[in-house]
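Shown below, as structure tokens, is a lone chain in the form predicted on its own; questions about how it binds or moves come after it.
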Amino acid sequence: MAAFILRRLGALGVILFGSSFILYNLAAISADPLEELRLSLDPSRDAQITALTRELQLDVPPPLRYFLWLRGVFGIFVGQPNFGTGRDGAAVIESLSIAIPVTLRLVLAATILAAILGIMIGIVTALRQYSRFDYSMTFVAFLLFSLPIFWVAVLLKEYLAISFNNFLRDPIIPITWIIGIGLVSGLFWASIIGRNRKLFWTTYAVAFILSSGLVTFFGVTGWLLNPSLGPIVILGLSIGLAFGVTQLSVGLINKAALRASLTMAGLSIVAFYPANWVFDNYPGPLGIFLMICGLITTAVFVGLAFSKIDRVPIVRTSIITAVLSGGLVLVDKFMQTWKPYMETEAINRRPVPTVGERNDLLNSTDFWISSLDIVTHLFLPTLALTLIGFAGYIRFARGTLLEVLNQDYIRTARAKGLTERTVIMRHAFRNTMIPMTTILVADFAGVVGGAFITETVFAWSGMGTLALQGIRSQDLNLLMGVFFVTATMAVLANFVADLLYSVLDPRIRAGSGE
């Protein structure tokens, strides 16, 4: 395994070196930082040209100048990286240290959400092949996949930010919206659950009534201005999560796992008030970390208490249920912060922003208000990237799962009498994830590039802003700094994919020559 890792790292290092060398020379040859000075009529023009030539080492040929730049980059191994100085006089490493967290925050959130939603819906469409839901999701996937990201971003700013902020002034939901939301919700759930005509229309009616009633409740009570879940709703959602997680993890036939999950769901209401006390008295990452540690520890003991054999799957199911239930408590805390956040002078009851990664006028020292401000600024650009990205995951997951389901070993598994859940989750899903790992890694690298456009539309100061700044100002050091970071993330993502292959597929082994 060590030889495999070293071999892959060596190959990726060669790729990174070659691509950076080519880009550096192309950029150096195509750009002339002295062009404006040569056309200048300033009496000190020659002195400025001489100073800039010395500062940027323009008297050194680009191929040799690349190695001078690379020598500073290698300082990363001794903790002193030097990417040079930008045209504005600021160190490139300082500009990168500010921009990298901004872009990673956006890219990671969008990639994870797109992958989870796309793979889930893609699997359901494959299992409901040629159903109404399959046709509907196919249409939606092709529609979203064909839309340009900048156009989607502008529409989101118009309708989910400006229009929604105007709506919050008097949040009365009209009857047409109530009926429309009910019809769409009914069609969605009936397409998933309805296997025959009777079940389809029954599900449609129930979903329509529940959705319409819920939207009506939101409008009548003004829930949108002061939202919260509360312990009772969290308990109900946690019980639903317990059944869902158990079914996907080990199956509802495993009563020990179901009891452990339901116990953790019940403990969610017990932990509701202590968790809020921790959040209020220890605000920040410390409080969240303490809650996660407490949940996982409790879940391990609960899983062990209910299991006599096969303890690992039961403990795993208990932990997943605990983390998801704890996530509901955390979401409820952010909901409780919504009203005081809107009432701050900087927000002025317009909570959904259209530009920037944070509100510079918000000087609150409250951790939850500051965090909610970051979340609201992250909402629209993440949603834009997610809508475009998850459409591809739907189609790829559907096609891959259908191909896997037609394999001989799937028919053999069914012939042995295994349940359909076992066939799908233990055999088909795992093999589906092998090619999905490839597209996930490629999508991560692609989203970094696609985020350039999104950052521009939403005025985020991330890697895209630095790249455009480097191109427009012919700042070679800044442009190469951005390229080196994004290229490094891309090759490391491919390296992680290589490692995941050997985990997901036992036929792939390091050093096997495959």
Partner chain sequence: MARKSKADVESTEVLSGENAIQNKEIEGLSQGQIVRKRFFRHRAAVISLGTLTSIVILAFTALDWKLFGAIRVPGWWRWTHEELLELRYGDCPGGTVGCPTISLLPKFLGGAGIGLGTHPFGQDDIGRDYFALVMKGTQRSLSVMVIIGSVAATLGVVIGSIAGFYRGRIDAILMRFVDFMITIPVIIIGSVVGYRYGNLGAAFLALLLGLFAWTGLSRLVRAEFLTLREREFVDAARVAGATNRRIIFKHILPNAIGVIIVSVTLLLSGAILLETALSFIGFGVVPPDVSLGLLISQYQDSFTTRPWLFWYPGLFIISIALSVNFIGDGLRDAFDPRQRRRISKKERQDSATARKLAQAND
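Residue numbers count along the first chain shown, from 1. Whichever C-alpha set is largest while still superposing within 1.5 Å between the two forms counts as the rigid core. Small disclaimer: the values here were computed from a predicted structure and weren't measured.
Same protein, other form: the form predicted together with its partner chain, not shown, and the subject of what follows.
Asks: Should residue 474 be counted as a contact of its partner chain in the predicted bound form, where contact means heavy atoms within 4.5 Å?
Replies: It does: once its partner chain is placed as it appears in the predicted bound form, residue 474 has a heavy atom within 4.5 Å of it.
Asks: Residue 150 versus its partner chain, in the predicted bound form: is there a non-hydrogen atom within 4.5 Å?
Replies: Residue 150: contacts its partner chain in the predicted bound form.
Asks: Do residue 57 and its partner chain share at least one heavy atom pair within 4.5 Å in the predicted bound form?
Replies: Taking the distances in the predicted bound form, the answer for residue 57 is no, it never comes within 4.5 Å of its partner chain.
Asks: Though only this chain appears here, would residue 70 touch its partner chain in the predicted bound form if you measure heavy atom gaps against 4.5 Å?
Replies: Because no heavy atom of residue 70 falls inside 4.5 Å of its partner chain in the predicted bound form, the answer is no.
Asks: Please pick out the stretch from 141 to 149, 218 to 226, 110 to 118, 290 to 298 that is in contact with its partner chain in the predicted bound form, where contact means heavy atoms within 4.5 Å.
Replies: Careful reading of the contacts points to 141 to 149.
Asks: In the predicted bound form, does each residue in the set 273, 305 and 402 place a non-hydrogen atom within 4.5 angstroms of its partner chain?
Replies: Answer is no for this spot.
Asks: By the heavy atom within 4.5 Å rule, which residue out of 181, 410, 154, 210 makes contact with its partner chain in the predicted bound form?
Replies: Selected residue: 154.
Asks: Counting only non-hydrogen atoms and a 4.5 Å cut-off, give the residues of 451 to 481 close to its partner chain in the predicted bound form.
Replies: Residues within 4.5 Å: 452, 453, 456, 457, 468, 471, 472, 474, 479.
Asks: Could you check whether the CA atom of residue 468 moves 2 Å or more between this form and the one not shown, using the rigid core for the fit?
Replies: Where the cores coincide, residue 468 shows only a C-alpha shift between this form and the one not shown that is less than 2 Å.
Asks: With both forms fit on the core, has residue 459 moved 2 Å or more by CA between this form and the one not shown?
Replies: No, residue 459 moves less than 2 Å.
Asks: After a core superposition, would you say residue 28 shifts its C-alpha by at least 2 Å between this form and the one not shown?
Replies: Yes, residue 28 moves 2 Å or more.
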